[in-house]
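Take a look at this single chain, the form predicted on its own, given in structure tokens.
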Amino acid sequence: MSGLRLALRQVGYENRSMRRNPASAFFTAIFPLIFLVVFTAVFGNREIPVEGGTTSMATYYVASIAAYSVINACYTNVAMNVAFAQDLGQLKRLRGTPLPAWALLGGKVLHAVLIGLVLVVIVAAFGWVFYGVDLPTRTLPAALLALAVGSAAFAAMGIAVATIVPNSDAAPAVVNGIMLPLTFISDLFIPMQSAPEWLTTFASLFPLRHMAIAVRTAFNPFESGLGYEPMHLAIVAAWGLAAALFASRYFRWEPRR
């Protein structure tokens, strides 16, 4: 059987494992919607300024939570999944089978990407039905490109972070401790128009802010162009490439002693 077919079979195994844990599957799907409802309720569905005009807070948060859904699925889930599999010795055992290493990790990453895209569809549909959010049509290719680049980059970052997790007990603290603080300063959860300049400059060093800007531009109803943000996507891709190089050098298949 070809490596590609083995990778696709691995996607099926990952999906089957997820379906056998219905509580995890349910909260994976509902978690982004909780953020959308809570933030819209806390800040109110008021009009906020965007490039070209003003739009509702719900439109802002649908784009932000869509970006966060991809980050959470492709970074957090991949990092936690790989870290737990390392510590339990599952990767070591699978490494001794005929299954190619790239097919194993590729299946995990592809499954995470698919889950992230499904969450984006759920968030967008929820925003359209309950908040009347205008979904991108003309700029849809730009939105798909931003989500695809972000999925690949953050999955690579997830694998890279898994290499530095000492054990499964530390995985939640390390994985979330790196990413969660950045979400609050990267224009994902809180609009940063009035934030100090040094804070936005610091946030711009990391890929979350650039991912958020790329997705939000594609969701902007006043966008006059095609919605592409090549510079921001290039920064996200550069982070993904650096993470992939780091993981290729330091990734381990055996549990840390």
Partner chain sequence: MWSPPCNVGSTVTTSIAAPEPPTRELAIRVRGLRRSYGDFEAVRGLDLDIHRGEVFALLGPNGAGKTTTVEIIEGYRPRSAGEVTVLGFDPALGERALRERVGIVLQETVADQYLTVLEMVQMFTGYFPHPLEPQEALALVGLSEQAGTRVRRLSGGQRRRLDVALGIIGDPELLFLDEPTTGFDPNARREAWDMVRGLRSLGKTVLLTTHYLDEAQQLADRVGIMARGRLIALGTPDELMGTGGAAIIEFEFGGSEGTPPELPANAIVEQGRVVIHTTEPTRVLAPLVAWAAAAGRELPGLRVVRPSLEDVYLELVARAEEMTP
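Positions refer to the first chain, counted from 1. Everything quoted here is computed from the prediction, not taken from an experiment.
Beyond the structure shown, there is the form predicted together with the partner chain, which is absent from this document and is the topic of what follows.
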My question is simply whether Lys92 lines the interface with the partner chain in the predicted bound form - judged by any non-hydrogen atom within 4.5 Å. yes
So in the predicted bound form, does Thr97 come within 4.5 Å of the partner chain, heavy atom to heavy atom? yes
Quick check on Leu88: any heavy atom within 4.5 Å of the partner chain in the predicted bound form? yes
Just checking whether Leu8 would be counted as a contact of the partner chain in the predicted bound form - the rule being heavy atoms within 4.5 angstroms. no
When the partner chain is placed as it is in the predicted bound form, which of 160-168, 182-190, 128-136, 98-106 ends up with heavy atoms within 4.5 Å of it? 98-106
Looking at the partner chain in the predicted bound form, is some heavy atom of each of Tyr13, Arg20 and Glu254 within 4.5 Å of it? yes
